[in-house]
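This document opens with one chain alone, in structure tokens, the form predicted alone.
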Amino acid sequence: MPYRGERVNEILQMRNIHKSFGATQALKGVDLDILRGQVNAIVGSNGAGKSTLMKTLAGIYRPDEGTILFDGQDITGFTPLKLQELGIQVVHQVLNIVGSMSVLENILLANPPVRCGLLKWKSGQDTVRRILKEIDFPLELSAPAGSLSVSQQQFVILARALIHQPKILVLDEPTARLGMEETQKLFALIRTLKQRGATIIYISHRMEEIYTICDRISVFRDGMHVLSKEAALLSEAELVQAMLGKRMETFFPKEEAPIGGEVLRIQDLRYRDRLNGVSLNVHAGEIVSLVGAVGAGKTEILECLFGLRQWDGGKMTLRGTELSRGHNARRAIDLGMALIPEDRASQGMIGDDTVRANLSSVDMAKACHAGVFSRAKEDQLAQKLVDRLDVRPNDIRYIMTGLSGGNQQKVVVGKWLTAEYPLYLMDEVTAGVDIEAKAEIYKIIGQIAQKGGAVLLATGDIEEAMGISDRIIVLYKGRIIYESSPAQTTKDDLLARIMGGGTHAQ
């Protein structure tokens, strides 16, 4: 909407944009205007065409048909480097981090400091420090980027984009890996950039964020732009209906399940300075959510359980069997644990392989006949899961990196549904997933509980925790400071404890 009587015009115009990948039409004649100096939300279900459109804008894809105008200039088919020079920066959903390089080097990759034909990384230190101060996210410049948490890596990518002082900044699911404190820092940065005249394109599945930070909302469905409207004039119900093409009655389909015996017990778990004496238990049929800010210890608990981290002290017991000091992922699976990790791209999937291969990767025995691998059995297994999870496109031979983020996540979850595991460890399982797919994943979690499975869910989404959990545990700086059922607490109380947990810690 216009501010202070100023005329708002279009900085970006996309006209009749078509893009196909084989027989799949990702974009079908898209016409879209992006308004100057505003935060423009682009929303839609997974596979609706949002990320494809942004990759087309970034020069990664060339449209099959159509024209893109930037300040009246035809930029159709420009290279990514040329578009960056013009002032268009895209922070993609997949983190493009070089783990072996330092934080400083990763940020400067957008504009490497070269003197006399040689890279002079240290000459860019002042610029990088200024940008990190601007985004209020201090980092040790010499630290290897691969040692950072996923949320820290997200801010490294953001800092890299700001090197060029963009006129248009595209953020594709920027908070999917962030906690509440980091999200607020991002919002503060967006408001600052907007005040300076920058235009933001914001892609997200999180309704609350969209209405908090965005001025205008554009809705995509099935590769088409179906609606653009000022956020203040578009109700959440209208938005959901525009996204799905139908009404959605139930978002949190909480399934009631009988609570059985204890499946997991953790006693005084300690890991470096990140876990400081954590004790909890989970029962059969129970969904327990771990909530807390980034760095509170949620992910560390799950990774210690799954054998990805070697803990320093404490005791963990799964169905009466104590986990040994040499515990590893193979042992965890054999004991009956499943893990859906936070970073699906690097930890949860084989990106350059097919949907079929990913779905059979955990339980290869299901793809064998008489002990011999059977392609027919693998196809049958994969197709059953693809149909159950509504993976789009519905093609088991599709390469994983070609899927949208949400459809990738369906496959990451689906590979653990070939058997009934006693304990499911889920880390931000609905991050970057559209509302319809979220509801499907929540339904699957409920079905796991109904069959007697125990679920330990790490999430930064309070509404998610309130909607599907039997118990909620709040972590603060590696300690459990609060535990409650959803019926006995409120969203505001949880938020206060998460953000100011020190006042409640014992």
Partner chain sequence: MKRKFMWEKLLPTPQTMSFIGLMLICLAAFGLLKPAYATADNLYAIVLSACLSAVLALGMGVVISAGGFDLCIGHAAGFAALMCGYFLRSLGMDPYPAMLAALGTAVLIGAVNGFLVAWMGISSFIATLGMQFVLVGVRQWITAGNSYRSGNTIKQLAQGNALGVSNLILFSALMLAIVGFAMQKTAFGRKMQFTGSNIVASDYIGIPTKRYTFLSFLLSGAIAGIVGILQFGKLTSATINMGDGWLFNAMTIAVFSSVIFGRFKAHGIALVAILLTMITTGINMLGVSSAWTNFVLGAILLLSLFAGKYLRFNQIKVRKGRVSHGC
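Residue numbers count along the first chain shown, from 1. Since we're looking at a predicted model, the values are computed, not measured.
One more form of this protein, predicted together with the partner chain, exists but is not displayed; see below.
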item: Glu303: touches the partner chain in the model of the complex, heavy atom cutoff 4.5 angstroms; value: yes
item: Partner contact for Tyr202 in the model of the complex: the partner chain, 4.5 angstroms, heavy atom; value: no
item: Non-hydrogen atom contact Lys82 with the partner chain in the model of the complex at 4.5 angstroms; value: no
item: Ala357 within 4.5 Å of the partner chain in the model of the complex, heavy atoms; value: yes
item: 4.5 Å heavy atom contact with the partner chain in the model of the complex for all of Pro341, Gly371 and Trp416; value: yes
item: The single option of Leu119, Ala237, Met364, Leu233 touching the partner chain in the model of the complex, heavy atom within 4.5 Å; value: Met364
item: Listed residue that, although the partner chain is not shown, lies within 4.5 Å of it in the model of the complex (heavy atoms), from Arg375, Arg272, Arg130, Arg191; value: Arg375
item: Stretch in contact in the model of the complex with the partner chain, which is absent here, among 96-104, 204-212, 144-152, 333-341 (heavy atoms within 4.5 Å); value: 333-341
item: Contact set, 336-352 vs the partner chain in the model of the complex - heavy atom within 4.5 angstroms; value: Leu339, Pro341, Ala345, Ser346, Gln347, Gly348, Met349, Ile350, Asp352
